[in-house]
Structures are given as C-alpha cells and as structure tokens.
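Form predicted on its own, single chain, as structure tokens, below.
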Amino acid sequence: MEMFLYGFMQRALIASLLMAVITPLLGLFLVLRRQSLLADTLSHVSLAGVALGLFVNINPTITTLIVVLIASVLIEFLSNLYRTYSEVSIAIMMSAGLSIALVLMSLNQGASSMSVQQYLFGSIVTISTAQVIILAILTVLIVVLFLLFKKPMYVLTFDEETAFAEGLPVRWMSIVFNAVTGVTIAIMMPIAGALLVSAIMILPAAIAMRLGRSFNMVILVGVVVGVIGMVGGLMSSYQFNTPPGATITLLFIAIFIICSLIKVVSVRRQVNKQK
C-alpha cells in the first residue's frame, strides 16, 4: 500500500514540476496580451470536448483536443471581426462552450457523474504514467517553441502594428498561440480541473510580474513561484486531506497577496525617503 501511494505521489510531484514550467511561459503572454480570460474560456470549451467524447463514446482527450483547436481559430476570427471589442469573442466562446457542454451532458444519461467530476475538479494525485509522459512531451515542445519564437512573440505582444510592419504573420501567430494554450489546458484539465486550470496558469505569471524587473527575470521568477506553489500546494493537500487543485490555487493567491503587500510597503518607504 505504501509503495502504491509512493508511486502516485511521485507521478503527482513530477506533473507539478512540469506544470510549474509550462504555466509561466504561457501565462505571462496571456497577461501581457490582456487575454487572461482566454485560459478560462478555453477551459469551458474543453468541457464541451469532454462532454462530446462521453456522448459519442470516444476518448474525451481526443475530442477535447479537436474542439479546442477549432475554438482557437474561431476566437481569432471573432477577435478580428470585433477588433475594437476583442473581449466579445471571449464572452461568446465561453458561453457557447459551457452551453454545449451542459446540453450534451443532459442528453447523455449514461455518462458517469464521476467522469464529469474528474474533468471539472481534476485530481493530480491519481495521474497515470501515460499522462505524465504526455505532459513531459508537451513541456519540451512549449519550451522549444518559447526559445525559438520568444522575440517575435515579444514584439507581437507589445506592439502588434510593428510586428505586422516587420512582416510577421500576426494572425497565424495568434492562432498558433491560442491553439498551444488550448492544447495545454486540454491536457492539464484532468489533472488540475476545468474550474481551476486557468487560475493555475495565470497566477504564477501575475505574481512574477510583481517581482521581476525584466522579461527574462519575470519568466525565471514565474517558474520558481510555480514550483513553490505547485509542490507546496500538493504537499499541503496530502497533509490536510484537501483537494489538490484548490489547495494549489489558494497557495498561489496567498503568495500573490503577500507579494503585493510587500510591494506596496516598499513603494511607500521609497516615497517617504524622497520626502
């Protein structure tokens, strides 16, 4: 029994470290592009993919990946259609994803409530070896893409007009970024849960932006914060028998509050010194 629990915790720890690397890399660009709600939207859309998979009796991971890829293209199309009000595309896709998920779940009476809850709330402590391998492959892929396209994405994020003037494929870059984010959420969802995966993706980047003074420093701090939050939350959930995803999220929020308070105090001290 102890070896059984040890195996589960070992896989959960590896998954936590992998997600700690992924989340700041994607989360920072989401925050800087003012697309923090994109992660939440794609998690709702992913629920529609899960419901579709259960409805047609296909592996939900496959249908979820297909659905989020289609949604990524639609979000970019709607963003260009409502260029002045880009948040409209987020609202439309979020409501559509959740509505489709609820309708399919209601039509599929044979679906197990446990299957649905697994994707809603996630369970990092029950992660399988196959899921760890997929997550590891995804981590390597995202790190490689980040190293190759960091500069173009940096330009696109801060000045889209300059990126277009330099000949960068702005629309395709946005679609690919949305797709990579969607695939990441689809793979992380059974682990972190659809309700919390967006928080786990955004919070490390938000904390790192309070602490880092340069782009590269923010990425590095984000990874460190991610490791502390993921591993600390996992260990705390095991110690106090609480849901892992919720515990990790609460720890990130606590770190964010502490860092924000420290930042406010330090700024006030500098102002007082200048006086």
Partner chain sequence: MKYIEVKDLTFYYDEEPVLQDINFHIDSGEFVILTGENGAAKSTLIRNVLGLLHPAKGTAEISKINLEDKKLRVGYIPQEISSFNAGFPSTVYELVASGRYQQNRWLRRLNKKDHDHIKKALETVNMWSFRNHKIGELSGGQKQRVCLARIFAADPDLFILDEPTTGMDEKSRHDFYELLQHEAHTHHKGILMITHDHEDVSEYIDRHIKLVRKEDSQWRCFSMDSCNEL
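Positions refer to the first chain, counted from 1. Predicted model, so just to flag it, every value in this text is computed and none were measured.
There is another form of this protein, the form predicted together with the partner chain, and it is not shown here; the text below is about that form.
Do all of 133, 183 and 192 end up near the partner chain in the predicted complex, with near meaning a heavy atom within 4.5 Å? No, because 133, 183 and 192 lack any heavy atom that approaches the partner chain to within 4.5 Å in the predicted complex.
Would residue 209 count as touching the partner chain in the predicted complex under a 4.5 Å heavy atom rule? Close contact exists here: in the predicted complex, residue 209 approaches the partner chain to within 4.5 Å, heavy atoms only.
Q. Counting only non-hydrogen atoms and a 4.5 angstroms cut-off, does residue 168 reach the partner chain in the predicted complex?
A. Contact with the partner chain, yes.
Quiz item: Quick one: is residue 155 in contact with the partner chain in the predicted complex, heavy atoms, 4.5 Å cut-off?
Solution: Result yes; residue 155 sits at the interface with the partner chain in the predicted complex.
- request: Check whether residue 215 has any heavy atom within 4.5 Å of a heavy atom of the partner chain in the predicted complex, and answer yes or no.
  value: Looking in the predicted complex, residue contacts with the partner chain include residue 215, since a heavy atom lies within 4.5 Å.
**Prompt:** Looking at 64-72, 222-230, 49-57, 32-40, which lies within 4.5 angstroms of the partner chain in the predicted complex, counting heavy atoms?
**Reply:** Of the stretches listed, the one contacting the partner is 32-40.
Under the 4.5 Å heavy atom criterion, name the residues of 37-76 that approach the partner chain in the predicted complex, in sequence order.
Heavy-atom contacts within 4.5 Å come from no residue here.
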